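First, one chain by itself in C-alpha cells, the form predicted on its own.
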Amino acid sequence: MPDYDFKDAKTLDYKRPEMENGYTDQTLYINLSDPQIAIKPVAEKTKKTFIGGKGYDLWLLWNAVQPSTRWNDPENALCIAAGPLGGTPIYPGSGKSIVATLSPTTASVIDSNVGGYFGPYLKFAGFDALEIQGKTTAEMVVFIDGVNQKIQLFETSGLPENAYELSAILTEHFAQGKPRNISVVSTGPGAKNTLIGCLNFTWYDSKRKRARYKQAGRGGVGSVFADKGLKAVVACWNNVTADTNKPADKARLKNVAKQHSREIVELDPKQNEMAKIGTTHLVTIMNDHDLLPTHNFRYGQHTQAPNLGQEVYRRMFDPGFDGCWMGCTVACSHGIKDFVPLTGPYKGKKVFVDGPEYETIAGCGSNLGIFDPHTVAEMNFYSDAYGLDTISVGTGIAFVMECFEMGLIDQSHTGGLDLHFGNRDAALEIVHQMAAGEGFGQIVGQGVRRMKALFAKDFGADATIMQDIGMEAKGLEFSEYMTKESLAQQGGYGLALKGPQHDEAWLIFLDMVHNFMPTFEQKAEALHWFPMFRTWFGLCGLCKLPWNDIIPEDNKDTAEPAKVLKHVRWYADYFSAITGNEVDPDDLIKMSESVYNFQRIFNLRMGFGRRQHDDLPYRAVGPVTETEYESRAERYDKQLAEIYKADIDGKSTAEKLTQLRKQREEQYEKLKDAVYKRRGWTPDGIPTHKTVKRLGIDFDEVVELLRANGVNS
C-alpha cells in the first residue's frame, strides 16, 4: 500500500439536526477555492416545490451558475442529494443518490442516478444535499462525519489514481474498524483525461470484505469532479433503522414496505431472477425483439447474442446477496469474483468486477460486435477503475468502428489501431489510452459530438454521414436500446431533457411490440406520464426497478398494465407515511411536473431547450445505409406500401431509403408537436407562462427568461 498523507485544510464542527419526516431541512456547501464550508437552511417554498433529490440539485445549481458558466469554470457546482424517502432500509430500492452539474459533453444540465450508501449517509449526517463549487490545485478529500459531527477538508498526496485502490484505502482510513459506516465517492484517471468520466459510489460488502461500486455515469459528472481537484468525498454514518428517517407514520410505512418486499421475494424468482442475474436477462429479450444494438445501432439482433446472455453470467457471477442498499430485496448488483484481466495494469491478477449490467453488456459487447463475455467484463472493470462511463465508452467506440469500416478514418488517424467491429484487443487498447490521455483514445474520450467535428475538420470525413450515424443527441451518447421501429421511444430519447437516456421513458415494448399507443395523442400522453413518474424516483431517492421490473401476477389484467398502478399506489402510500403529506398517484405526477419543467427552462437558460435541440441522428429514426434497409426489407417495403401508400414497384433500395426517410422524419416532427402540446409547451418546445404558473415555478427570473425568449403571459 503506498504512502499517503492528509493535511487538514479546513474543519467545521456542527450540530446535527434532528431528522423529521425524511428531511433535515439544511444543505452543505463547500467551496474548494478558498476553501469554505457552510450550512444553509432549506426554505419551505423550496421544499414544497422541489421535493428533494434531483429537485434540490437543480435549485442549488440554478443559483450557483450563470448562463455564461461552462462546465470547467469554478462556479459550476457539483450537487448530490438523496430525497425524503432515501435511506429507508425496509423498502426495496431506497438507497439512491442523484448527481447534477453542468456537463462537459452537453454544455447544459446533466443529472445521473446512482446507488450505493452515500446519499442516505449524507442525509443522516445532517444534509439533504451537498453543493461543491470552486477548484483546488491540491488534491482534496472531503470528509462528512455524521457520527462525530465534523466536516473536514484534507489536502492529500500519495493516494493512488486507480479508483478501486483509492476506495479501499479511504474506506480503511476513515472507518476506524467499521468499514460499513463509510461510503466513498471518487473517480479515476479516465475522468481527468476525458469528458466522459463517471463517479463511483461505494457500499461496503461485508461478505466479500470490500468496497463495492455503483456509478453515476452520464454526461461527464466524473470529469467535473476531477477538474475541481477532488480526490474523493467520504460520508460516515453508523446505525440505520426504519426510525432513522423519522417517518410520520412508522406503522403505515412498515405495512406498505412489507407488502412490496414480500411480493418481490415471491415473484422475482418466477419473473426476471434479478436477485441472481441482475439485468443480464434483458440481453436475450432485446435480441429476440430486434432491439439489441449491434454494430453501432445498425442492427438489433445477432446470432451470437446468447453468448452475452443471462445463462453465461449466471455461471460467472459470484453468488450471494448483492443489494447496493440495505434491505433491498431486488438485490441486482452482482459481480464477478477472481476475474483475471488479459490486458492493462491488472493483467494476470485476480480482481473483483462490479457487474456487468445490461447497458455495459450491450454497449461494450454487441454494439462493438464483441460477443465474448470475458472482454465485456474486462472493459467493465477497467472503465470503473479508470472512472469512465461504460455507455459513452461503448457508444463512442462503436461510432469510431463504423467510421473506420466506412473509410471515413483509417489507421493513419487511429495510431495504427485496426478498428473493425469485433476487434476486442483494439477496443480495450482505446480504454487504456483514454485513461492515460494518450493516442487515439484521447480523441475518443471527447465524446461522439466532438469526434464528428474533429473527424470532419482534421481528417476530411463526410460530416453528413457522420451526423446520421453518430449516436448522440444534445451531446450525450445514446444508452443501449434500438429505437428505429418505435416512434414513441424516439420521443423518449429525443425529448429527454439531458439527452438519450432510458431513465425518462422506456416505451419500446408498449409501442412496438404491443401497439398500445397507435395515435400521436396516445404517444404524447405516454411521453407525459412516464417521464414524470420516472422523474419522481429521482426526487425521492429511489430506484425504479421495484416499480415495473417485478410486477403483480394480475397486472396484465389491469386497465393500464404498463403503469403498474398497484405499485404506484404503494409509492403514494410510502411518500405519505414518511413525510406526513397525504398524496395520491396524481400528486406524484404533479411533483415531477414542476421539477421537469424547471429543468427544461434551465436548459433554455443555458442556450438550449428548444425544438431544434430535440433532434435525433437519423439512425435512431430509420435505416441509414442500403445494407440496413435490406436487413429488414420486407418490413420496410410493407410500411412504405401499406402505411405511407408509396409506390415502390421497380424502385431501387436507395430510392426506397429516401422515401422512408422523408416519411419517418415527418412522423417524428408530428410527434414533437403532440408532445409539446400535451406538456403545455409552445411549438418551439418552451413551457408556457400558464404552465409555469400552474406548477408554482413562475419565479421572477423564470418569467423574465420566458419573456426574453418570446413567451409572454
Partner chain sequence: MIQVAGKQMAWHEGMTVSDLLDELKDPHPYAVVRINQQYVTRPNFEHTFVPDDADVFLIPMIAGG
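Quick caveat, the model's predicted, so the values are computed rather than measured. Numbering follows the first chain given and starts at 1.
Here the subject shifts to the form predicted together with the partner chain, a form of this protein not shown in this document.
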{"item": "Leu588, Met591 and Asn597 each touching the partner chain in the predicted complex (heavy atom, 4.5 Å)", "value": "no"}
{"item": "Candidate stretches 272 to 280, 101 to 109, 317 to 325, 115 to 123 - the one whose heavy atoms come within 4.5 Å of the partner chain in the predicted complex", "value": "272 to 280"}
{"item": "Contacting member of His334, Lys228, Lys452, His502, with respect to the partner chain in the predicted complex [4.5 Å, heavy atom]", "value": "His502"}
{"item": "Contact residue in the predicted complex, from His289, Lys192, Lys566, Arg180 (heavy atom within 4.5 Å of the partner chain)", "value": "His289"}
{"item": "4.5 Å heavy atom contact, Ile551 to the partner chain in the predicted complex", "value": "yes"}
{"item": "Contact flag, Arg534 vs the partner chain in the predicted complex, heavy atom cut 4.5 Å", "value": "yes"}
{"item": "4.5 angstroms heavy atom contact with the partner chain in the predicted complex for Tyr618", "value": "no"}
{"item": "Residue contact check: Phe516 to the partner chain in the predicted complex, 4.5 Å heavy atom", "value": "yes"}
